[in-house]
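We begin with a single chain expressed as structure tokens, specifically the form predicted on its own.
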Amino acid sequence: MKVKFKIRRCDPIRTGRCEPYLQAYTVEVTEGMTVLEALIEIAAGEDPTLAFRKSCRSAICGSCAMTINGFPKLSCNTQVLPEWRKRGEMLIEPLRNHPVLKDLIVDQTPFWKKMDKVTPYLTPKDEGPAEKCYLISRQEARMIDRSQKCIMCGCCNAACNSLDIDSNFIAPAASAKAWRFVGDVREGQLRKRLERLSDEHGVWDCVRCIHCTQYCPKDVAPLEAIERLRSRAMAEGVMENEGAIHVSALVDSVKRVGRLDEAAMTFKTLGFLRSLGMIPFGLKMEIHGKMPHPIIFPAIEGIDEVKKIYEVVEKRAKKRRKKKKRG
């Protein structure tokens, strides 16, 4: 059957600036045909000026990632007919959150710069002879297994809401790569890595929209890696940032009253002076009925049970710390 493809095009090389426009092509589609195969047919038989990346055609290299009907996907393993039946159209665009070079080809330079920032290689512990072998258990290997599946396609970054707002955000792909080494028991610069990752524009700027995990074609689950990085940073005492301070305030609030005391948490997270600077914003929230007020009768019923849970968790954490020191 014939299917119309609408492709967002742009040619800054020829025109000197990127002025996107949609161009339509009609392709004779057969069952099982992929989006990449359709693009190859367009370029081969109708318009050789259409630019897009491709390589392995086996969902391994990540080269052919693009936006298909509004979502980042690999075009080599996205079949046309199921997509067309589901969406009712075929709109092909370049990856979002990436500068466009031409048509469906994006500039990956910012992507690789972020990857470079996380030091994407192991820095072993400096202990014992160089030929010393490190025995890694299956459980320890499983901790970093998912992050090793990344094919650098950029789909997660294209779906990232935080990166859409802040181009300096470290982004999901680099965060997943960072966990590959932070989670490795052989890593010798653990705290240094975590301090760098906890800086401004680091992992605490993630808004947990889950899109990176939802649209990853290899089940890398970048959000899980980000959560592990945050947890490990706090466990290592890297607390000089708003994210860790906010989490500590949340934990203290639940321990104290059994629920979130949002008004108190604001002061603990921002500090007194910065909280004063939020007064105009607070007044707008009050007008719209969104302003959290201090809890007058704080403790929930059964607060003693909540505190017992905390006691058990804290005892277990203390045992783990002692075991770690001995080991």
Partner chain sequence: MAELNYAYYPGCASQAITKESNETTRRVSELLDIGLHDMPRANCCGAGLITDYSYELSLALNARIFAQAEAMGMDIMTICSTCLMVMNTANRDLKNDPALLKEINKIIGDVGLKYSGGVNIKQLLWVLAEDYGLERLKKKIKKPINWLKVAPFYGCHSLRPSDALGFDDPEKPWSLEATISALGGEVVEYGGKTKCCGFQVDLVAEDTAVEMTGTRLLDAKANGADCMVTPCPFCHINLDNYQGMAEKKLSQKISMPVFHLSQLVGLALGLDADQLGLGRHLVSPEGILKGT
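Positions refer to the first chain, counted from 1. By rigid core we mean the largest C-alpha set that fits within 1.5 Å across both forms. Computed from a predicted structure; not experimentally measured.
Beyond the structure shown, there is the form predicted together with the partner chain, which is absent from this document and is the topic of what follows.
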Using the partner position in the model of the complex, report whether Asp205 sits within 4.5 Å of the partner chain, counting heavy atoms only.
-> yes
Can you check whether Lys322 is within 4.5 Å of the partner chain in the model of the complex, heavy atom basis?
-> no
So in the model of the complex, does any heavy atom of Met285 sit within 4.5 Å of the partner chain?
-> yes
Could you confirm whether Lys54 comes within 4.5 Å of the partner chain in the model of the complex, counting heavy atoms only?
-> no
Can you pick the one in Glu140, Glu236, Glu83, Glu187 that has a heavy atom within 4.5 Å of the partner chain in the model of the complex?
-> Glu83
Residue (of Val100, Leu250, Ile151, Leu91) lying close to the partner chain in the model of the complex, criterion heavy atoms within 4.5 Å | Leu250
Pick from 59 to 67, 259 to 267, 39 to 47, 26 to 34: which stretch has non-hydrogen atoms within 4.5 Å of the partner chain in the model of the complex?
-> 259 to 267
Let me know which residues along 55 to 85 have a heavy atom within 4.5 Å of the partner chain in the model of the complex, or say none if there are none.
-> Phe71, Lys73, Glu83
For Lys284, state whether the C-alpha moves by 2 Å or more between the shown form and the other one after rigid core superposition.
-> yes
When the two forms are laid on each other by their rigid core, does Glu19 show a Cα shift of 2 Å or more between the shown form and the other one?
-> no
